[in-house]
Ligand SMILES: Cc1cc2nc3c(=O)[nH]c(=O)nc-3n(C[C@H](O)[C@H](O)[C@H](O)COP(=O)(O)OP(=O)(O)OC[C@H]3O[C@@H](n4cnc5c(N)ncnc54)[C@H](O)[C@@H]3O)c2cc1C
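To begin, one chain is listed below as structure tokens, in the form predicted alone.
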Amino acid sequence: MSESRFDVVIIGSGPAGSTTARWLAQEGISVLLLDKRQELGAPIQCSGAVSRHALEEVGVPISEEFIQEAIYGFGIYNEAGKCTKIDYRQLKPDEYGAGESQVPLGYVVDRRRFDRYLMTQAERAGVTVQLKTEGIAYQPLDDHYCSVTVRHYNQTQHIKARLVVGADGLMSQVGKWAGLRTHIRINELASCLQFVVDKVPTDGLLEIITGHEWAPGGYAWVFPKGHGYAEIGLGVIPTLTKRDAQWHLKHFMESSFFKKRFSDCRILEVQGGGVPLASPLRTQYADQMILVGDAARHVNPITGGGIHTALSGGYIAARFLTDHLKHDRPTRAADLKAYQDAWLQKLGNKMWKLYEVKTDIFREKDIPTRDKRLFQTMAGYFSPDSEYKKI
């Protein structure tokens, strides 16, 4: 049995955990970053879309190491195929495009390479990284320290730390250690399935297809994947359908207005998992603990997008903790509430507003009316004038 000491222990090395770790280490805070996985970014459960702004905001260099395809806008469809196209190459041609003086709006990234890149940045900033390490428990000791118990292979380790950060994803076990209510109701957890395919043409747009006929409670998508590949997927809410995601994806590919476009495709990979379309966690802190990223439900409640909010949330957490720890402030729950307040001011209040909009849409019992409202809301969300464009 071994024992060590760090200022901060972060459990979970996805975008939120790695970003928090890197920014803390750059300020001289000693950080141990743990993950129970041996392969970062796996299993893949998301489409990998992220805005250029999100990367630049938290100091992630744009690198071909993780980029698969540049994105220039959106195509939002209703159930019958009516499309609202928002293509920044046309809206702002001097700024957005593939030319030397132009930039993309965002990217589709390879999640395995992206997560590895973020962890490498953290490690080079001075973070101690340990994979194949599972968090077991934590115990607050006093106003300033806690003990974190982990298992590395078959060896138990006890780490004394000022604070533990839960970045361990959906329905966080770290949060449950402190009694935080991290569970998600089934009617707010989308069952998602995605195929990586060949021979489906794309044009630099993220295409989103709404409508109960194709994706009850969620939406379908067609995203460029790079090198001639594409992602075709959807998410459904199980309480709104008697069919599973596989049936709905097959139905969408064979019966929708996209069926001719899909007719010659070849499925190369199958990816899937649960994506929260829920409200942010009401309490994201406890004695000697905060939660970030998916663990705190920092996920866009209407699109399910989580990379941007994970990066931003990790940065917010790191800036708060740097100031807090350098001034040797206590780390009881009451002292950490200001972290959540800072996050709410920057991102959370708008996420709560989006959640209320989504909830109101799905309270609508008349399906055609609900479909119309969802299409209009999604088209408005991706508009250049949207108040939500940074989440």
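Sequential numbering from 1, following the sequence displayed. Computed from a predicted structure; not experimentally measured.
Although not depicted, the form predicted in complex with the named molecule is the subject of the following passage.
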Task: Candidate site D35, D168 and G305: all three near the named molecule in the predicted complex by heavy atom within 4.5 Å - done: yes
- [ ] Would you kindly say which of E123, E188, E134, D87 lies with a heavy atom within 4.5 Å of the named molecule in the predicted complex?
- [x] E134
TODO: Heavy atom within 4.5 Å of the named molecule in the predicted complex: which of C192, C146, I71, I316 fits that? Just give me the one.
DONE: C192
TODO: Have a look at 306 to 314, 89 to 97, 248 to 256, 207 to 215 and name the one stretch with heavy atoms inside 4.5 Å of the named molecule in the predicted complex.
DONE: 306 to 314
- [ ] Mark Y229 yes when one of its heavy atoms lies within 4.5 Å of a heavy atom of the named molecule in the predicted complex, and no otherwise.
- [x] no
Open item on the list: Check R111 for me: does it contact the named molecule in the predicted complex (non-hydrogen atoms, 4.5 angstroms)?
Closed with: yes
Open item on the list: With a cut-off of 4.5 Å between heavy atoms, is V9 one of the residues that contacts the named molecule in the predicted complex?
Closed with: no
Open item on the list: Even though the partner isn't displayed, in the predicted complex is G48 close enough to the named molecule, meaning a heavy atom within 4.5 Å?
Closed with: yes
TODO: Select from 10 to 26 the residues with a non-hydrogen atom within 4.5 Å of the named molecule in the predicted complex and write them out in sequence order.
DONE: I11, G12, S13, G14, P15, A16, G17
